[in-house]
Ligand SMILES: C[S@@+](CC[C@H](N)C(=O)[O-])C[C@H]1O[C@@H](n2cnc3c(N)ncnc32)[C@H](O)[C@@H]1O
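The chain that follows stands alone, in the form predicted alone, written as structure tokens.
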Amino acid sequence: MCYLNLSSEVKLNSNNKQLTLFQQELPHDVKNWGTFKDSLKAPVHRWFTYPAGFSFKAVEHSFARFFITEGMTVYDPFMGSGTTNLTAKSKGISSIGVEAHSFVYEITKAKMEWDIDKKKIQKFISYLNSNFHNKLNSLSDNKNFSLSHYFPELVVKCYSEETLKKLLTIRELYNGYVFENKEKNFFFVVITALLRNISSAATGWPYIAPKKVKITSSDKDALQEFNTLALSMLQDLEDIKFFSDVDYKKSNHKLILGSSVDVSIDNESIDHVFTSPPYLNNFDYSDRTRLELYFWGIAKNWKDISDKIRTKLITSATTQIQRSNPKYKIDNEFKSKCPEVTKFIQDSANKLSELRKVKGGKKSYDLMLIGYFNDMYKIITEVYRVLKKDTKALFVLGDSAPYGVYIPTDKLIGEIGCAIGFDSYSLEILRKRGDKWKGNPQRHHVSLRESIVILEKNA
């Protein structure tokens, strides 16, 4: 049974487990740990700019702090673009990662494959350059040619006609080439990374604005950018292997496409968990990859994205909610295990239910809140099951205040962990959030933060 006192900084639950909130002595660049900023400059990490990424430096610090070394295995139940797994591999540490977003999973799978054949990479680059103009001309010579035949309207609006024809040419030559899997995955990421880089529209994260032209808009040549990027990524692989001071080949890495609610990992087989769950901030992770999904033909419309991706992700956005669905009630086991936490969640959901009636957009924050913590309860239960004794699980996450109703996500995660069986938790504050909205009357004025929650499982 959890004891929840949201105003206290040092608390005791019913089992006399000490729970602490404090500002740990952390490196000076800690404010960037919850963002992808550091990883944008790091080999391989930077291949795909994931809007929900976090810093590889945070993972390195955690490994050093808790003595995670070669021969051990780390687990990330929200693998995303693979920051934890890539960092583990560079240290010769084995890893397991789970990701429910199938497109992002494919990106990470490619990033984790370092032993590709350099000659085969160069061979395809040569092939593409040799055949590029003939293929491009054959498309242009077709009197019935139309870019809208190949791409949804959003994609067509994000590029000049010439640039999109060149991207289509690259895609067609890629699809028609006989690869081995490793090299095929590598070029899948190369082409994907081109898309936002050479668009004429504003395609920065998280939103795509086809009508907004980039300030630095200069129509970059798709073929030239492809060549530059492919060779740069190839060099990244050389660099990351060269600068690694361990034999990464001795480590093993298992990437799982699916849900971390129920994972095929042995009991007490994991030495450390480092992860960053989706924040409870109404961020639609499936929609944020819409440009890439449309370009590759993985999805053609909103329904495709929902059927193939959105419905498979942890609940964290109102776009996932159907109010008629009965699943958005607090899970009975969750309620039994942690009544004080679930009472707080239900009370907050009731407030949000009333507020949505008078707020613009009538967003289903109430059901999103319940769905999110139902999912998180199950995932934390699995994390506890797979962790060895005398280990720790670290969660990088932020709190939220939908419609101004404050939800201390970090404390709630800690309380849930203790209810499940973890011996204690602590919170380390990384940075304050939300200040940029102070002048916006449509936004709340609740002070928010980004934290690391540390759950401890003792012997």
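For clarity, every value in this text was computed on a predicted model and none was experimentally measured. Residue numbers run from 1 along the displayed sequence.
FYI, the form predicted in complex with this ligand isn't displayed, but the following is about it.
Peer 1: Would this ligand in the predicted bound form be within 4.5 angstroms of a non-hydrogen atom of every residue among Val273, Gly417 and Tyr425?
Peer 2: No residue of the spot touches this ligand in the predicted bound form.
Peer 1: Would Phe395 count as touching this ligand in the predicted bound form under a 4.5 Å heavy atom rule?
Peer 2: Phe395: no, not in contact with this ligand in the predicted bound form.
Peer 1: In the predicted bound form, does Lys312 come within 4.5 Å of this ligand, counting heavy atoms only?
Peer 2: Judged by the heavy-atom cut-off of 4.5 Å, Lys312 is in contact with this ligand in the predicted bound form.
Peer 1: Is Phe78 near this ligand? Define near as a heavy atom within 4.5 Å, in the predicted bound form.
Peer 2: The answer is yes: Phe78 has a heavy atom within 4.5 Å of this ligand.
Peer 1: Taking the shortest heavy atom distance, is Gly371 within 4.5 Å of this ligand in the predicted bound form?
Peer 2: No, no contact at 4.5 Å.
Peer 1: Please tell me which of Ile116, Leu280, Ala110, Val98 lies within 4.5 Å of this ligand in the predicted bound form, judged by heavy atoms.
Peer 2: If I apply the 4.5 Å criterion carefully, the residue I get is Val98.
Peer 1: Tell me, which of Tyr285, Tyr294, Phe103, Phe344 has a heavy atom within 4.5 angstroms of this ligand in the predicted bound form?
Peer 2: Contact residue from the list: Tyr285.
Peer 1: Which of 297-305, 183-191, 80-88, 166-174 has heavy atoms within 4.5 Å of this ligand in the predicted bound form?
Peer 2: Contact criterion met by 80-88 only.
Peer 1: Which residues within 242-259 place at least one heavy atom within 4.5 Å of this ligand in the predicted bound form?
Peer 2: Result: Gly258, Ser259.
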